[in-house]
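Shown here is one chain on its own, the form predicted alone, set out as structure tokens.
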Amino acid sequence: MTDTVKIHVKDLKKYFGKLEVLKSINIDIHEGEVVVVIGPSGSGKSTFLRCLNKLEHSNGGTIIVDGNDINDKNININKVREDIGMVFQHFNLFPNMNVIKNIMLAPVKTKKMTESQAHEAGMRLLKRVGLESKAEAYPQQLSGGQKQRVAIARALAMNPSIMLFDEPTSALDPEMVGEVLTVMKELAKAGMTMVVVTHEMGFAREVADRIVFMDGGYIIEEGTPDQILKNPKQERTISFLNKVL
């Protein structure tokens, strides 16, 4: 891990109406680091993730991504987002487009690539996620696990340096979880900076450089997988892990 901070978050706050969902979040995420965020439902994990690429507007604090202050009103957020891939719980593929067109859309639309370049890159990405035979298939013809692997390939099509995963396996049948986690492990191995909100403790144990435990809008505790999963210090972390491990 290098000393370059890819994502700097200071005093991040987020309200939905009167409800304070994030209460002063502070964290630095380094280049090539895999940070796994765990915690009970409603703890603010997904909101935190969505604030990192401004899918949610924060109500206070600073978020700097690759040197860009994303809360600066003069920033071109779409330009910043080109460098941040995002994978959601429910795939969000376009049902009226086949797999390869889903992957080609963003690079062609942002004029990063010509159609033929995007097609070639898309096929390469499909091979990487083990789905090159499905290039002409439509989303409804795929299993959940295949859809999620296509969604990962689509996020990678913009050649991002950061990948955000919001519970990427929670909508999948148990036997399909493995195929998605395998792709994510490969990405981590290749040095991608990743922030992953997940309930998959096995993945957290095996792949994370750091685990962050959130509850009630706070980061309660963070550390290596061994520190957090085997030797947590905070009562709240201990009681959560007793239920899920």
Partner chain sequence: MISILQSYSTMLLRALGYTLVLTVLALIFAMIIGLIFALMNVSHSRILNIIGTVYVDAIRGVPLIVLAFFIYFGVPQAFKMMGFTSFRLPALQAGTIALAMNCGAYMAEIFRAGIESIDKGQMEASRSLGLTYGTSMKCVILPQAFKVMIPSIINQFIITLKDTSILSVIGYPELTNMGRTIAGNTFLSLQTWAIVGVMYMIVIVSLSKAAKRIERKIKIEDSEGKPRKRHRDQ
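These numbers come from a predicted model, not from an experiment. Residue numbers count along the first chain shown, from 1.
One more form of this protein, predicted together with the partner chain, exists but is not displayed; see below.
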{"query": "Option touching the partner chain, based on a heavy atom within 4.5 Å in the predicted complex, out of 220, 64, 27, 55", "finding": "55"}
{"query": "Contact residue in the predicted complex, chosen from 75, 171, 135, 105 - any heavy atom within 4.5 Å of the partner chain", "finding": "105"}
{"query": "Residue contact check: residue 50 to the partner chain in the predicted complex, 4.5 Å heavy atom", "finding": "yes"}
{"query": "Partner proximity in the predicted complex: residue 129 to the partner chain, non-hydrogen atom cutoff 4.5 Å", "finding": "no"}
{"query": "4.5 Å heavy atom contact, residue 82 and the partner chain in the predicted complex", "finding": "yes"}
{"query": "Partner contact for residue 154 in the predicted complex: the partner chain, 4.5 angstroms, heavy atom", "finding": "yes"}
{"query": "Which of 67-75, 115-123, 171-179, 90-98 sits within 4.5 Å of the partner chain in the predicted complex, heavy atom basis", "finding": "90-98"}
{"query": "Any residue of 156-177 that, in the predicted complex, places a heavy atom within 4.5 Å of the partner chain", "finding": "158"}
